[in-house]
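Given next, in structure tokens, is a single chain: the form predicted alone.
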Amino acid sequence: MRHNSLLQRAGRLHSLQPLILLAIILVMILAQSILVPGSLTLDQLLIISRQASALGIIALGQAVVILVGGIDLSVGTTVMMVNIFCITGMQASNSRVPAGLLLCLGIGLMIGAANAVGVLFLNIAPFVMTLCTTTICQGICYVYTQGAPTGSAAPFIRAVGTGRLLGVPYSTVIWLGLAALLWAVLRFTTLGRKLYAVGGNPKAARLSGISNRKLIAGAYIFSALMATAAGLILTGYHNIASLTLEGDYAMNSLAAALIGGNAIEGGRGGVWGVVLGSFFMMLLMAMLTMLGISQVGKLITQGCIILAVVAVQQLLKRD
């Protein structure tokens, strides 16, 4: 009875987490307007949404992987690899955009498939497999560019990364559109129910006839494709090829998913909490920058937030 009560409590917390996170974001916005008068404007919030869009798209893929009980540390390197080969493949020409997009799509599919094969058929732990993929892709990028990438994005990609639709950044529109599509799949389709089942109880899912391997493989491929989309957006925004573009996207996407209510053990979570978690992370970084907090301080803050969220989740699981 006590165990069931704790599970019900945990479920209620996860369902309320997006609302709690939204309240925290509103309090942060209010605090910023008080601490730094005049800094809070609609344009600033839209800029933060544009900065959050790449992280948010990556976090959507990360959330699906976490949902089936995995983790993907290769998303940042996927972004970097797509950035470099997007620049190379398109050669700053709109006429080469289709070929460049196919090249980037192929990269995403290969990275996702490699992760899936390592996790499912070689029985390598997801953390280890995706970390290996990260180092291999980093090596490929450094060898290919000889440590000095050059070039610029095609005009079409620049427009996607920097343009606006009725004042709202294209990247934000794409992010929210993908989020709505994923939400609909998880909420209303058989595929969504199967993903929750695989993450919640893999043995029961398998006995009920669900192909666990196919769904887990699909989750890793989906994560890589979301990182590919984010890489294209970031390429258009920065307009350069860079070996540092991967940044902290692996850690930040994990943080956004966990803060948004996705359970680290899988089987529980949603989409809109992840969207809010991504915006929260960017808003927090913007506020810390505005307050003069160093990069070290930002990393410590980020680590503490992840620790706190996971600790609460584990405490609620205890019998």
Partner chain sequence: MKQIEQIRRKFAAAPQLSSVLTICGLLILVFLSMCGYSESYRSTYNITNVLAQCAPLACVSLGQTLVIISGGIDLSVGSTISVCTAIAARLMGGDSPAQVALGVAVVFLFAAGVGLVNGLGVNYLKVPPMITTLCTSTILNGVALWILPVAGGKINAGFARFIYKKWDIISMPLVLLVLLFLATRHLLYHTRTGTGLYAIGRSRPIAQSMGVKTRAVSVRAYVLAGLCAGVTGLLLACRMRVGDPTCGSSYGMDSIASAVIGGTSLAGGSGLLSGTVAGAFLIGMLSNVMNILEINQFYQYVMKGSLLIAAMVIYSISGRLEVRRRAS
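Positions refer to the first chain, counted from 1. None of the values given here were measured: they were computed from a predicted structure.
We do not show the form predicted in complex with its partner chain, though everything after this point is about it.
Here the chain stands alone, but in the predicted bound form its contact with its partner chain, taken as any heavy atom within 4.5 Å, falls in 126-134 among 230-238, 126-134, 81-89, 154-162. Put simply, of Ile71, Ile107, Ile221, Leu182 only one has a heavy atom within 4.5 Å of its partner chain in the predicted bound form, and it is Ile71.
For the options Ile264, Leu46, Ala286, Ile29, the residue carrying a heavy atom within 4.5 angstroms of its partner chain in the predicted bound form is Ile264.
Contact check for Leu19, Ile24 and Asn212: none of the three has a heavy atom within 4.5 Å of its partner chain in the predicted bound form.
Contact check for Tyr170: every heavy atom lies farther than 4.5 Å from its partner chain in the predicted bound form. Its partner chain is not shown here, but in the predicted bound form it comes within 4.5 Å of a heavy atom of Leu254. Put simply, Gln138 is close to its partner chain in the predicted bound form: some heavy atom of it is within 4.5 Å.
In the predicted bound form, at least one heavy atom of Gly147 sits within 4.5 Å of a heavy atom of its partner chain. If you take 276-301 and check each residue for a heavy atom within 4.5 Å of its partner chain in the predicted bound form, you get Gln295, Val296, Leu299, Ile300, in sequence order.
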